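Only one chain comes next, encoded as structure tokens, the form predicted on its own.
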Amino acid sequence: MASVTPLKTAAELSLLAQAEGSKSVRQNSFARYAAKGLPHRRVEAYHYTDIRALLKDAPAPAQKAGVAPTHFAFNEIDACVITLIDGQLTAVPTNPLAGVSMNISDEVPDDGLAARSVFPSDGDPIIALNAAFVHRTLRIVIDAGCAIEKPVLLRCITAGAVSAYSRVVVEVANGASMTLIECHECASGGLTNSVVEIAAGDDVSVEHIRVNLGDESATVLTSFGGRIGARSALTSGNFVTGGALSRHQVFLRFEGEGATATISGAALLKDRQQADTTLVVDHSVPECVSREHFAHVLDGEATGVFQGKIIVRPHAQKTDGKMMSRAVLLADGATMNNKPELEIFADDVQCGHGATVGALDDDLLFYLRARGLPKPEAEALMLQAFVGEALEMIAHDGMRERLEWLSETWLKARG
């Protein structure tokens, strides 16, 4: 029987050329990517987001850092700001927050094979590419018992039509608390591939917020891996308005009893934008609680994707997990793909999932218009309340208010 050699796309050929032409590429990690190539619709985890078809080109990494935009949406947030431009970080703040230490290392990034890794052991191509091309890793350590009042804000900038790879590892010791914000600004034609890992000990409180404000022709691929210990609380929020293609992956594992996790997201998309949120929540120990709530607003020919899986291991009794994805379609050409899943191997659990897709309620819209509101304002008010359910889960007041303002701005711009 004749062998079949799959044709490589322009993006795959570009990645191969970049790997062959650079001595800094980690060949072991690149080989894990190359064994499968860019993921496509026949790969279950990428069935609704065919990266091979959607990614037309993979620009080369920048040779030197570009120039950061002068405007920044979160200038008013009182935070410890760390800026990564085109994936390059050459220095850390000289006066870090009390109880916080930072360093830049050349360590080999985890691509799913490290001990206690939360990433897929069979290899995720996007994470493997990050591990292959990322230059250096930023490691942030929070000392035991420290309550870090200011958030740490990672400003990840792709300043031109280049590829930018970044890796951040955060270790939060027992009894500590912190807020981590990652904001992605990607220029037209740029590609961002970022991985953030958080290892939280016992009795820890962590809030993580990811924001995609990339150009509408950019590609933003981000992955978040989390491990949380006993009696700890993790909140993770995702907000998307930018990018022609956006995919955010969440891999979370409970490693201590009595822990809780709240994961939320809001995506506001128009034209031909596509945003994908894929998450796996692994209940590997008993008596843990997880809540997931995602909201999509889709206009034009935009496409939203939500894939969520809750896994309950055989010994994870008393697990409480609930997952919900809701979407509003504002145009006939918009598409929403929902795929919630439960894998339960224990018998004493409370788990459930749900998904809804629909248009704005005509009766509510008529009620508002009958009281003098023009149709655009009435629709914006209803959509603001819809998105607000997901944004309310963000604990940091300043970030929640700023994201609410960004959503209002997007809704008003619809006209």
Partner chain sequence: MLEIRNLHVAIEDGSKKILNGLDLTIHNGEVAAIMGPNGSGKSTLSYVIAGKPDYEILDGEILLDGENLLEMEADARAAAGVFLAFQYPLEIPGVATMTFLKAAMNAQSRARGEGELKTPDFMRRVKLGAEKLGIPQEMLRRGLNVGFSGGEKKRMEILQMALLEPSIGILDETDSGLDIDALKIVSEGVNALRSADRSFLVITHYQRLLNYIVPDTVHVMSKGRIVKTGGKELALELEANGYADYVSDVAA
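Residue numbers count along the first chain shown, from 1. None of the values given here were measured: they were computed from a predicted structure.
Below, we turn to the form predicted together with the partner chain, even though it does not appear here.
Contact with the partner chain in the predicted complex, judged by any heavy atom within 4.5 Å, is made by just one of 31, 381, 43, 53: 381. Between the partner chain and the residues 47, 26, 36, 369, the one pair within 4.5 Å by heavy atoms in the predicted complex involves 369. In the predicted complex, residue 385 approaches the partner chain with a heavy atom inside 4.5 Å. Interface residue remark: residue 69 is not counted as part of the site for the partner chain in the predicted complex, having no heavy atom within 4.5 Å. Taking the partner from elsewhere, residue 375 is found to have a heavy atom lying within 4.5 Å of the partner chain in the predicted complex.
A residue is said to contact a partner when one of its heavy atoms sits within 4.5 Å of a partner heavy atom; residue 60 fails this definition for the partner chain in the predicted complex, lying far away. Contacts between stretch 60-80 and the partner chain, counted in the predicted complex as any heavy atom lying within 4.5 Å, involve no residue at all.
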